[in-house]
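Just the one chain here, laid out as structure tokens, in the form predicted alone.
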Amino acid sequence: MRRRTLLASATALAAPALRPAAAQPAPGRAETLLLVQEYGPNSLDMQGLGSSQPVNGVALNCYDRLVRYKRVPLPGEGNGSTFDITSLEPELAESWQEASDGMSCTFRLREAAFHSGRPVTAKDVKWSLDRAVSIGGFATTQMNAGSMEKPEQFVALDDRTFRVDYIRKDKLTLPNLGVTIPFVFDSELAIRNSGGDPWAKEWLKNNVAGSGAFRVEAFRPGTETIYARNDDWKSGPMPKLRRVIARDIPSPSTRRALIERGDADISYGLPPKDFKDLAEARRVKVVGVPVPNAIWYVALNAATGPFTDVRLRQAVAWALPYEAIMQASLFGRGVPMWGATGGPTTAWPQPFPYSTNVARARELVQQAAPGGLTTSLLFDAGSATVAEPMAVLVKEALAPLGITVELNKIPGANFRGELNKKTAPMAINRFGGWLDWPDYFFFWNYHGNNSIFNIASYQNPAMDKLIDAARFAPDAGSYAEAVKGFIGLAEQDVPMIPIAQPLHDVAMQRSIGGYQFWPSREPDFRFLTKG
């Protein structure tokens, strides 16, 4: 299917739910972007339970938050921008001021309007953040990560003044307002259509009630989502694009072909080999950003099964064929996380001191399990292009040590549920934390609260003490000491073996500019341009 056919069919199918008040000429080719993706949003409400990863894109483009992160240019001309999570810029809030005692922050809202035409007020901000901390699931968990835990913390002082009261001094509170979750709803519109549900969950699943730069013109789960520019947007520079067609195409080979032929403008989520080939061919632009606070890793269950013995965990860490995994699974599209020399630093991710040393691995296995052992390894069928060759190489590397590994390929829809059982002896997984601090990553993956992300079920009071000390450290010196301490303990106890920090790769035509990488990893249409 040629590009004009794709664009024309989307135009014919679209039945706009909302139109600008004034008639405008139809967007031209230079104002229309065609994105091809594996799958699109299953809902329009990122705070809702069960929302898929692409729903972050709806939140990003159709809603506003109080603040956003400062944009920072990526290396290389025309590659776009990443972000500085420690530096905030205005979005719905035109200014803000923390109290002298450090226990609250007051925001002054800009004059802005929802897509409905109603002015944005502090009452809308309060309702939206009340909802985020109360609705449950991922949204509430993410809010709690920044010590935003109860509705009483959010205060509408007047129509344009809003305050967040802190329950503790937490360096993550203000940065957490910049992720996609604490976005602002048109509360009156939502409540009017709620059917008695205090959070209008069902209605918001299929309707946008935002003030963001784009409206949803058509929402067809499994087929496409079409966005139209909100010409009354006030929270940033007016986007150059007027229309975005996000087409769902499960086949990676079809998506690659559309990009290579110039029939699509931008795509992400292709297998690493495809990005490697596209980058080497240089016909299209490939931008790869190391995902902050993220790693591919092998988890070893520290609570049950053979890997409760730290010697066997260390043996696996010495046995892994890291370089072979990097090339066969990731095709070099990642940052190596092995072979460190010297002690831990405060950076994260950072390489562990392990590298391939079969003799050392065999010695540890002989000490802990001289008769050998049989175990199993889970991996996600939904990430099989990376995880399956990784799993095969792990199995092959451990066999000569007397460790027989049965591979367990779990359908993507069931993988998280299997991990959450915390019974698997070994698992291959990828985790990324939106808030780019090492203590944030370690809180979810190593802390004794045993969160759903701690799939190794690792629990160690000494680790908890160091993580907690870093989270609320009073000064830089004590923070650095705690961080180096918990990373050193992780290297010693090794419930997770880091393989690589992944790249978030995006392929786009060379005429596309303004690419913006955010923690949610979804495309930001607000800044994209098309030459």
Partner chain sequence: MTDMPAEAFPLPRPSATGNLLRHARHVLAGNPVTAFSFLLLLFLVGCALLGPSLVPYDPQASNSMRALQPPSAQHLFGTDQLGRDILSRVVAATRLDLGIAFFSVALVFAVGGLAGVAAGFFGGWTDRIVGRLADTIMAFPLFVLAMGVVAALGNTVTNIVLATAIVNFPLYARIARGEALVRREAGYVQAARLCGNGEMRILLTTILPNILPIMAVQMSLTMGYAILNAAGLSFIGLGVRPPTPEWGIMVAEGASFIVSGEWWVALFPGLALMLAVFCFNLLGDGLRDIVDPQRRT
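Residue numbers count along the first chain shown, from 1. All of these numbers come straight from a predicted model, not from anything done at the bench.
The same protein also exists as the form predicted in complex with its partner chain; that form is not shown, yet it is the one meant from here on.
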item: Listed residue that, although its partner chain is not shown, lies within 4.5 Å of it in the predicted complex (heavy atoms), from Asp274, Glu91, Asp439, Asp186; value: Asp274
item: Residue among Ala368, Val155, Leu407, Leu419 with a heavy atom within 4.5 Å of its partner chain in the predicted complex; value: Leu407
item: Interface stretch in the predicted complex with its partner chain - options 228-236, 121-129, 266-274, 78-86, non-hydrogen atom within 4.5 Å; value: 266-274
item: Non-hydrogen atom within 4.5 angstroms of its partner chain in the predicted complex for each of Leu330, Asp464 and Leu489; value: no
item: Partner contact for Asn449 in the predicted complex: its partner chain, 4.5 angstroms, heavy atom; value: no
item: Phe307 within 4.5 Å of its partner chain in the predicted complex, heavy atoms; value: no
item: In the predicted complex, Glu396 touching its partner chain (heavy atom, 4.5 Å); value: yes
item: Contact of Ala112 with its partner chain in the predicted complex (heavy atom, 4.5 Å); value: no
item: Residues from 360-381 in contact with its partner chain (non-hydrogen atom within 4.5 Å) in the predicted complex; value: Phe379
